[in-house]
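Form predicted on its own, single chain, as structure tokens, below.
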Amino acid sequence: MTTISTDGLTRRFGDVVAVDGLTMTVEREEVYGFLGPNGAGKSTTIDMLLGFKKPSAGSATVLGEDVTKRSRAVRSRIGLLPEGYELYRNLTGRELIASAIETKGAHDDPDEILDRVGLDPDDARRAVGDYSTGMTQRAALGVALAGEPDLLILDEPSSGLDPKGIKLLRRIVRQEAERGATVFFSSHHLDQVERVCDRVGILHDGRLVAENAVDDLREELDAGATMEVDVDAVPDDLGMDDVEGVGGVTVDGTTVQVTCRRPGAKMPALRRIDDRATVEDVVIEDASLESVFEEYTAEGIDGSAEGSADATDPQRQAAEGD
């Protein structure tokens, strides 16, 4: 069951190609991380998936509907948390959620949604305009959850949240996937993406340069993990020569450091050490999603080249304002 499918999806702003031949699929009940440096085309892609912008070429199907022909029907089944969402400041938190429920034609209990996103009854009676940044983000998440949407599109959902709020967000995302919804999760916080997403797609210069589970992306780059194994005594021969995927072994006192080129090499290497010595402690450090991201984009998540191009191109800015 495919929730999102794009085929050669392209968007041009004058001479600027913001999204270039994007072909991807997102399956039902999947949590899909959508990553890219500033200016990579993520926001433009989301706008096309919602029907707010028409493609210059290619097509997009969301929840079985062509978004260029049935965008309103598509949006009625989506819960959206856009970056920098402006809430109705004069409404109380409860009134805001109740309004979202009514708009969706749903029958949710607003108090249950408020409790779910971590806003207590006192918060519910306060005007949204008096909320802190974190409380505003929680309220916006509550709006997105109204009506049990089939697809949640979350753009920078952890913005402004404290560690407790981020942990709550991760739990809600997994709960929604278990309920049967699909979650399309765009964020600069790669550690959060890595902890919650089933697969990730990396967009760079408008093109999808990688798409897979994080462990599979590590394996594609030979960027597996480093293990530090403390043993009682290091044997003369650790027997690592024939362990597939082991890139190197160093010894410091009674600590053996093993570099694994792919994630699947960790357990065979550890078992080989355990066969020859008594393992007392193990520390495993996987290659971070950030390092994988940098390999695919040759820059950090906030790539200044893309960010400056986005900010200084008046033709594109004018087109995006239409």
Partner chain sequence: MGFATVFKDDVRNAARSYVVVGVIGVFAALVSLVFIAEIDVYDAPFRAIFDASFLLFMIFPLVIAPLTYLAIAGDRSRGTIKFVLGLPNSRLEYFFAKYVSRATIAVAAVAIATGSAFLIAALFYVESPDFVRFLKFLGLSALFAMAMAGTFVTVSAMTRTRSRAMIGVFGAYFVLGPFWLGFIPVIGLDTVVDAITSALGVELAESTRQLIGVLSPSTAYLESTELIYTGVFERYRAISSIRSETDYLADRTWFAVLVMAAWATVVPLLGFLRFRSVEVG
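All values reported here derive from a predicted model rather than from experimental measurement. Residue numbers count along the first chain shown, from 1.
Missing here is the form predicted in complex with the partner chain; even so, the following discussion is about that form.
The putative spot formed by D47, K53 and L80 is fully lined by the partner chain in the predicted complex; each residue has a non-hydrogen atom within 4.5 angstroms of it. Contact check for V143: a non-hydrogen atom falls within 4.5 Å of the partner chain in the predicted complex. Proximity of M227 to the partner chain in the predicted complex falls outside the 4.5 Å heavy atom cutoff.
Under a 4.5 angstroms non-hydrogen atom cutoff, the partner chain in the predicted complex has L87 among its neighbouring residues. In the predicted complex, none of the heavy atoms of N212 sits within 4.5 Å of a heavy atom of the partner chain. Residue in contact with the partner chain in the predicted complex (any heavy atom within 4.5 Å), chosen from L91, A177, V249, V234: L91.
The stretch in contact with the partner chain in the predicted complex, judged by heavy atoms within 4.5 Å, is 53 to 61, chosen from 273 to 281, 53 to 61, 23 to 31, 253 to 261.
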